[in-house]
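One chain comes next, on its own, written out as structure tokens in the form predicted alone.
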Amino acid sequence: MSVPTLVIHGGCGVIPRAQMSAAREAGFRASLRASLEAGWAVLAGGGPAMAAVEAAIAVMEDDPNFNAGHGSAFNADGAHELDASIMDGATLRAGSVASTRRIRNPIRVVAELARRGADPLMLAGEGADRWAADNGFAMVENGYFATDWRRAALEEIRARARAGTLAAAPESEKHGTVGAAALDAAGHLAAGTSTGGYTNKMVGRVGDSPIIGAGTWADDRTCAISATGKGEFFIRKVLAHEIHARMLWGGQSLAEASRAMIHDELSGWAAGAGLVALDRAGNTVMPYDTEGMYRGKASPAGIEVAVYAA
């Protein structure tokens, strides 16, 4: 029997510490705790890792504090296009959706695609929305995903683009993602990721979050990973699978492989990178190269959350 463990992140796009009020930080911490409690309830009840990942992420998709589901970033047309994926480490089954506009909880849909384990694994755009509707998933109008905070971020990014100061924008204005990785009592791993992408992204842009091996990976032989940051770089590096490969064939530990990818391979790329992961023994890591990362862990020892470095 393994010791059930769940790790989550709400993205590296944290509000700078100097701008974060105590009340706002308390709100983020409460949101992280709610996600962990939902996922932990599954694991504590003997449920599978993939169901725990789905439950934890669905809570964050419904929470306007995070850039996934309700609260997603606006694209260049002032609309929302959502991406998500999930992977089961026991079977390597996976599900993925990209550029969806009406699915309330993309993580629910990708979990069902993974459970079916057949063709298709990945759906995009109108096709993803149609499949979700036909299969009874909750659908919403695109405006459901909007929040005043994300609208203000869109206007700020547009203003910075006109002024030529886009590079100076804080991570909180640019992007964000949510994700989770879990180990269940049976020793199986799973991971999932969901996002609205980055603010003012080109219509149709797809990042790493729905790409199995880039932003999400789970394999019972090694680890489960959910990443957050500038997806274009993660896709080029096949970041999540590379960590798995370093462990499986290179003999590195989870900590060594994760550190190498976040702090060495992506050094100088301005990727705003981070991830949460755990290995088959239940060891966990949460590296990031930004000012902070919304993150947390649940295990028999309790629940802990964090935003900035200790």
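Not measured: the values here are computed from a predicted model. Residue numbers here begin at 1 and follow the sequence given.
Heads up, the form predicted together with another copy of the chain isn't pictured, but that's what we're talking about next.
The closest heavy atom approach of Gly45 to another copy of the chain in the predicted complex falls outside 4.5 Å. Another copy of the chain in the predicted complex comes within 4.5 Å of no heavy atom belonging to Phe137. Residue contact check for Gly27: none of its heavy atoms lie within 4.5 Å of another copy of the chain in the predicted complex. With a 4.5 Å cutoff on heavy atoms, Lys230 counts as touching another copy of the chain in the predicted complex. Here is the short version: of Ala133, Ala159, Ala186, Ile235, the single residue with a heavy atom within 4.5 Å of another copy of the chain in the predicted complex is Ile235.
Picking from 104-112, 208-216, 142-150, 188-196 the stretch near another copy of the chain in the predicted complex, with a 4.5 Å limit on heavy atoms, gives 208-216. If you take 228-254 and check each residue for a heavy atom within 4.5 Å of another copy of the chain in the predicted complex, you get Lys230, Glu232, Ile235, Arg236, Lys237, Val238, His241, Glu242, His244, Ala245, Arg246, Trp249, Gly250, Gln252, in sequence order.
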